[in-house]
Each structure stands twice: as C-alpha cells, then as structure tokens.
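This document contains two forms of one protein chain, each encoded as structure tokens and listed individually as structure 1 and structure 2.
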Structure 1
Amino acid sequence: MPTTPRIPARQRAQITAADLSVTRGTTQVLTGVDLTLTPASRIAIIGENGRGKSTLLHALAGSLTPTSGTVRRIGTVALAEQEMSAPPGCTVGDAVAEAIADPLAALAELDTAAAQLAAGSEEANASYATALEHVEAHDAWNAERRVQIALAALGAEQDLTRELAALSVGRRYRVRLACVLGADDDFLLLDEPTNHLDRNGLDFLTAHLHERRGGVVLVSHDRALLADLAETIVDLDPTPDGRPRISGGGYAGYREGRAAAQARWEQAYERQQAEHTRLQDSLSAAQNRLVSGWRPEKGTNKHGRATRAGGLVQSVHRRQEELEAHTISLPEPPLNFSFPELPARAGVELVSLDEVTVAGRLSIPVSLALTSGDRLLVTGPNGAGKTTLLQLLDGALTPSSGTIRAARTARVGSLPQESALPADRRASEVFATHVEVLIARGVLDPASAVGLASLGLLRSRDAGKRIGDLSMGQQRRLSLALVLASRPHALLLDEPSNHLSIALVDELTEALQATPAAVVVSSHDRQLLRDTATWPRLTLAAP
C-alpha cells in the first residue's frame, strides 16, 4: 500500500494523445492518433480484431510506450483488461485492496494526522487538513462499499477469502471490473467490459458508466453499449489516409458518417482507377502508332517519315511520363456486403413444427409454421433449447415427439453458432465445391448460383488462403457465404453477430429486414434484439 496516495485531478483531469503511432516489428498497428479525454468523455474504440484497439487502450493508460507521438496524463487512470491474472495465493480481498489502495492510504494518512493532532503536534493542523482533502478527493470512506456494491451487481465473487485461481476467467473478470468501478479513478479504460456479464450486470454497468464523474474509454463490440453510452467513436478500421476515423454524435452519428465516408472513398478510388486506366490506354495507343500506325503511304519522302516518327516517339515518352506521374494514392476501399436476392414462395408453408419436443433439450412442445416473408425472433436463457429449435427447422435433428413437415424443394439455409470448416482447404475451393454440390443435387439452378466475390464478404486474396489461416471473423464470413449460396427460402441464424464486425452486423440486420425469405434469428445481441423488436417473438423457458 502506498504511503502517499495518488490524488485524483477530477475536473482538471485530462489525457491527450498527439500523433500517437505504434509499430510492432514491421507492422504499423496505429497511425497518427489524436485524441483528448476529459472527465466528461464517453469514448468507444471499435474496429475488427487486430486493428490495435487494446494497443491504443494501453498507450492511453501508460502501460505501453508509443513508437512515436506523445501521451500526456493529468489525474489517475484505471485499466481493466479482458483477462485478470491469478497469482498463487492471491484472493478476491487482495484484488480489492490493490484496486482501492489509494483511498485506503488516504484513510491511513488521516488516521496518522488525527493521532498527531490529538498529541498536540505543532504541524498537526496542516497535516490533518491535507489528509482530509485527500480522503474527500477519493471519497475514501465509501471506497470499500462501492466495490462491494459492484461485486454484487455484476454477479462477481463476494467471498474476499476466495482465491482468484479457483475462479473461471469470466468470474475473475467480473471481480476485476467491480474493483475498477469501485476505485473511482479519474479515467476508466475498459477492454470488452460486457464479456461475461448477464443482463443485470449489463444494466448496472451501463448505468454506472453514465453516472460516474470521470472519463470513460471502452473497447467493445457490444453495439447496444455503444448506442447507450458512447458520445465519440474512434474507428480503427481502414481509412483512406490510414488514420483513425473519429465521429461525434454517438453510435447513430458514427453509422451515418461511416456510410458517407465509404461512399466518398469509393468514388475517389474509382476516379483514380479510371484515370490510371485512361493513361494506360493512351500509352498503349501511342506505342501501337509508333510500331505501325505512323507508316505513310508509298511515295512519301524519307524526311517526312523521319519527322513523323520523331513526333510519335515524343508522344510515347510524354504518355509514359504521365502514367508514371499518376499514382493511385488511395488504398482499396473496404468491401460492401451485398446480400443476394432470396426467392419467395407465396402461399407455401415452407416448414412447420407440430408439438415437437426433444428429450433433454426441448421439453415444452413447440408448434410453428414458416412462410415466405415471415420473421421470428427466438429468445430465452441458455439451455432453453433455442439452438435445438433451429436444428429441428433445418431438418438436422429428429424430434422425440411431434411432427415436422417441409415443403418439397424448399431450401432452408442455417448458420450455426460455430461452423466446422476444413482448415487445410482454401476458402474459394470450399465455396466452389459447395455450389457444385448444390447444382449436382438439383437444389440450385446453375443460373441462380451466387459467386463468392459478389457477396462482398471476402477479398480475393483472403478467399485464396487456407481456412486455417483466416481470422475467426473471416471464417464466420465464409460460413455466412456458404449459407447464402443456396439462395434459401428460409434463413435460420443462430447468434449471427458472433465474430462479425460491427459494420457487417449492421448491414446484415438491414438486409434481414428487407429480404422476402422467411427469417428466424436466435440471439443474445442486445442491439440486434432492439433492431428486431417488431418481429414476432418465441420465448423458450429454461428447463
């Protein structure tokens, strides 16, 4: 425990990052980050995996030194990483004591000053006044109570004697999160704080972050938390200049700004490509004229031929210089997801369940029928049978009781929570083989086949990689592409936002609202539940 506590700066607190860049080996992780944090800041850092979100968080906290640029801090900072270490013998109480070491030190300082005051020390008055100021700055009297409240609200371990090593990763994280919330530092930096939290914990976290008197920076894929809390979004996904895109106006402002920026980027890139192609064509035409086109008709004097040849050579050189001077300065824009047109079968019952149950997995009988254009949201706690229900609709599971009927030639596409893809095969080969099988079986007409590139889910360079070399997000994109390849009449999605980027989930949600196919979604994603709030809902009860 420190003998002199760190003192919160409160309204004077500030973190300023200026032209911050981080390089690891030969990889530029962050480029030119300019960011200012105040006690009122509510900032979210987003981006696909590997874009440097956690790196930026550590640079702001001071636990990582940037390669270039500066980070200046006034005030105290608490960082909650995704995982919490568990040294041998370390208990929950030890973690709490470490988190509120400064408030406890301030109380100890006050006790010492009070004793000196009681003993009649000449310097006691000044010491006591300073110690009291420190205690009030930390609200130290309530520090332990704040942590206890957070432990209970987050569903964390409250037995202070319990060893951290005996807790799961998720339970340790909840302890760590409760500790930093209770510590009440000037700035709170959180890495994926909604992981491992139930609904009550999410509600408590959101309310606490709204009300706290210090600044908040969080890395999160939780779109509901972003919508509820973030006022500024720092997007680390690719941009034309390589610098982060910073948007105000909350999550709605970010989405609107992202769409506009994407359109501008695509237009500028297309203009540069078109100009580059024009200059190449112009050079090729000049070279062709030099080879053959300049030859005059018979009878033309040699001097005329030589003069004309010189002009053509100059024309080639000039066009060569123009082409070399023109560079495509913009990187290729991000892919745009293109949801295929799915067919409808008006008046046809695509698949229906009549009083179906599955022993040990779905105990309460379920009856439902899907027709084109239907929407259904399946909710319920873990273990209630949501995945089981989707497998029944897909025909992948036989019920213990009840009946299942499916229309002849009705195509049902199912995206499971996790897909078993062959790690040693290339993504493009797996997709092409899948389409060939669908055509060979008569499931899909060749004219209706969807190309992998047309979906905008994987770049050609990624499609050519072994699946095992793709990221989890890229593998999830491939799984979605395989489902859409069959052009299903009914689309079943089990936790569709798993491993997908925020931007892609937004695009997918919009597409699901518009498609004429029947759609059934099972999800815990709070923002997806909000976006589909008008859909009919089937809530399964826990067994």
Structure 2
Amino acid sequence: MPTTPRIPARQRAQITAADLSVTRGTTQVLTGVDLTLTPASRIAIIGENGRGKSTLLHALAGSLTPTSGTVRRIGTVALAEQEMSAPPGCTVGDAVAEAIADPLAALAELDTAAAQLAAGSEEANASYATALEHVEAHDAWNAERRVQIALAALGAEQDLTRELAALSVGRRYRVRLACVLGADDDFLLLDEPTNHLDRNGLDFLTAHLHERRGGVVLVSHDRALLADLAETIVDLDPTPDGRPRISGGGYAGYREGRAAAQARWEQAYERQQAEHTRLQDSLSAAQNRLVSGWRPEKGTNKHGRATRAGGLVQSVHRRQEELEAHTISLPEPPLNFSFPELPARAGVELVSLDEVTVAGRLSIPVSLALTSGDRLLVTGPNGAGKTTLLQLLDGALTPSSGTIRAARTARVGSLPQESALPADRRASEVFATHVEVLIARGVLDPASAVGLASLGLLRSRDAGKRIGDLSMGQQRRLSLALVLASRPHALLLDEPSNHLSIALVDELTEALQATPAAVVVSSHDRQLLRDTATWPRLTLAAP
C-alpha cells in the first residue's frame, strides 16, 4: 500500500503536455505535441501502427520520460496498457487490490482516525476530517463494488484466487480493464481496450466511458467506438509540419477535415515536385552548356570560350544551390498493403469438421466443410469457443469427440489472436527463416515465395529492428506476413483487427472479399462485422 495515497483532484484535475518530443532508439517518434486534458476530455489518438500512440499515452501517464518538453499532472491517472504481463503468483485479487489501493488506504486512514476519536484524542478531529475528505474524493466505500460490477460486465474472471498467468490473454486483459474502470481515477488512458471484448463488453465500456466523471484518452482502431465517443481526435500520421493534427468535431468531422487537408497537401506537394523538376532540368541544362562550352571547336576563339566558361560555372553553382535550398517537405507516403495471390483447389474439401466438440471449450457439436472461395464469419460471446474452432480447423487442437478431415496437400494458414514472436530476433530474419523452412519442407514452391517488403506490411527500417522493439501493431503485421508467406488455401483469422491500424483493416477486409482462398474470420469488431455482413455466419452460444 502506498505511504502517501494519491488523492483525486476531480474538477481541478488537468494534464498539460507542452511541446512534447520523444525519441525511441534512433527514431523520432513524437514531435512538438501540445495537449491539454480536463475531466471533460474524450480524446482519441489514432495513426498508423508504430506512429507513437502507446508512446504518447505513456508520456501522458508519466511512465515514460519525454526527450524534451513537459507534462504537468494534477490529479490521478490510470493506464490500461495494450499488452499486459502477469508476474508469476499474482492473482486476480492482487490486481484488484493494487488498482484500488488508494481508496482502500483512505478507508484504513478513516478507520484509524475513527478509533483515535473514540479513544478521546483531541487531535483526531482534524485527521478524521482529512480522512473523510479523502474517502469521499475516492468514493472509496464503493470502490470494491465498482470493480466487481466491471468484472462481471466485461465477462472477466471473478474468482479472486485465480492466478493471472493461468488466464487466457483476453481474460487477463479484461481483469485489468475492469480494475482501471472501477478505480475511478481522474484520468483514464486506454490502449486498444476493445481488443478482447465481446458485444456485451463493448456496450458496457462505451456506456462507462460516456458516463464517467473523469477525462478519457483512448487509443483505438475500433471505428464504431471512435464515432460514438471521441470528441477530439489526435492524429499522429505525418503532417506537413511534423506536428500531430488535432481536431474537434468527433470522428466524422475528423474524417472530413482530413480528406480536405490531404487534398490541399497533395496539391502543394505536386507544385513542389514540379518546381523541383524544373530546378533539376535547369541545372542539367546549365551543366550541359558547361560541357559543350568547354569542348573546343575548330577555329573557336580560346579566350572567349574561357570567359564564357566562368559564367557557366557560376550558373551551375547557382542552380545547384537553388535545388539544394528547395526542400521536399512531404513525409514518407503510407505503406500500401499488397495481399498476395492465394491458390484455389477447385472441387476439393480443404478441411471439414463432423460433429466436433472439445471438452470445456466447445460443448455444442459443430459440423462444417471448407472449400476454396468459401467465407465464414464466426461470432459469439467471450468464451463461446471461437478460437477453439479455429484451432481445430488448423489442426492445432484434437477434438474430444467427432472427426476432422483435411485434404493432404491443403495449406491452412492461421493468424492467432496473439502470437509469441522471438523478441530478440530481427523481423526480416524471422520472415526469411520461415520462408526457407517452408521451401525446405516442400510446403512452398520457391517460385511462389513472397518477399516481406512486397507485402507492404513493414517498412524496411522496421523489418531490420529487433521484434521486441517493434510496436504491438508492427508485431501483428509481421505475424500476418508470416501467415500469408505460406500462400494458404484456407486462411483463418482470429480477431484480425486487433492492434492493426484502421487503414490496414480496411485494406485487409477488401482483399478478403476477393481472394479465391477459403477465409474464416472470428471477430467482435462492429465495423468489420458490417463490412462482412453478406458472409455466412456461425454464431456460437455462450458457454
């Protein structure tokens, strides 16, 4: 328990970031961010994977020191990280106690003061009044109940004795999310909170964020949540001046404004390019004149040539200077995802399940068959067995009853909900080794191997980084690249929108509509569900 409990500042709460810049490794991640948070703030941070969204949240929370600039905080802050570790031995109860440590400390302070008052201590009056103020500021009497309500509403583990490390990633995340929602700090900073929530969880989270009295900063790719909640949008994608684009007017207003700004920027860029080309041509022409000016022609006056040459040299220099002074200010264009050609096997049943169940994970028998070109959307609440079903299809799990048949030469590629990649190896090495192994095993014909760069999922400078130094979304992009590298006949995607940027999810959805491969997607993402509304659905029932 902390010795000095943090006391919420409520209406006075404020976080002010001024001219914030952060460099990670050799990358300048954030430049000149100015942002003010108040209890009324409903701010969303968006941008491509690896732009610095998580970095900005950590800088606001104080868990990362900016390279320059300042962050001033009045009040208390809770941050729900994108990925959460679980120290060995730590239980659900420990996580709850840690999250509401301050309100619990305030209650203990009040008990002590009350006991002193009862014992007739004169000074206890003042300390009782202070303790009561702290308890009220935290609404400490309700703290435990608030967490319990959130645990139940999010479908999180409610058995306080369970070890966090023994829970699935999603269940663990929901415990942490319930803890921060229940803790009632002045500011709530959430990093991709919807990744592990089902429909009920999403509804609870949305209602909670609307109603809470403190400020909210949200990093999310969930377009439905952004449209519903965000008032201010901080877009970390490149801008002409390198500073983030901050706009009011909600997500819809932001999209309009962005389209207009993008058009202006593109026109300015075209003018800049044209000017650059003109200067370059002018330099080349001057250089050519210089060369031909020096070439002695029979009967030419040598003295005249030399005089002219001096002028030409000056003219070349002047043009060179002009060209160098003319900078191109447009930043690197965004990556374009290029979905590879996947193969089709006409008339062949790639995989089929017949009355399959898995004890404790998928209790109602499932039968289905996949052939090339099939689409299937698997939905259902948390714990219904969606991941289990995908694992059965890719052969990673043996059923308790029923049978699975897979065509001998059919390749099944599966993007798991979370993948464990080796943190110390470089993304490009892992990809290259993966492709070599596929070729050596005869799974992939060398002629159909794709290169990492050609997929447009990772920039080459990121592909050269240690995986542990990549952002969560960049790691997930690598996982997707690994799956696509095998050119699967059947593609299984478990919550594909998790951690991926909005632009990539749009591109991926479009590619999935068109591929000749069989595609199975499990998702809670409301926009993704709308975009695949015509696909056959398999809705699994709650356990």
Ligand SMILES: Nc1ncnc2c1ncn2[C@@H]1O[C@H](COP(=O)(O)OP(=O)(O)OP(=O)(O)O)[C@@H](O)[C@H]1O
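Numbers follow structure 1, counted from its first residue as 1. The term rigid core refers to the maximal set of C-alpha atoms that superpose within 1.5 Å between the two forms. From a predicted model like this one, the values you see are computed outputs, not experimental measurements.
Panel number for the form predicted together with the ligand: It is the second structure (the form predicted together with the ligand) rather than the first.
Using a rigid core alignment, state whether the CA of residue 66 is displaced by 2 Å or more between structures 1 and 2. After core superposition, the displacement of the residue 66 C-alpha between structures 1 and 2 stays below 2 Å, so no.
On a rigid core superposition, would residue 347 pass a 2 Å threshold for CA movement between structures 1 and 2? Yes, its C-alpha moves 2 Å or more.
Does the distance between the two CA positions of residue 421 reach 2 Å or more between structures 1 and 2, the core being superposed? Yes, shifts by 2 Å or more.
Report, in Å with one decimal, the C-alpha displacement of residue 358 between structures 1 and 2 after core superposition. Its C-alpha moves by 19.1 Å once the cores are overlaid.
Align on the rigid core first, then pass along the CA displacement of residue 503 between structures 1 and 2 in angstrom. Residue shift at the C-alpha: 4.8 Å.
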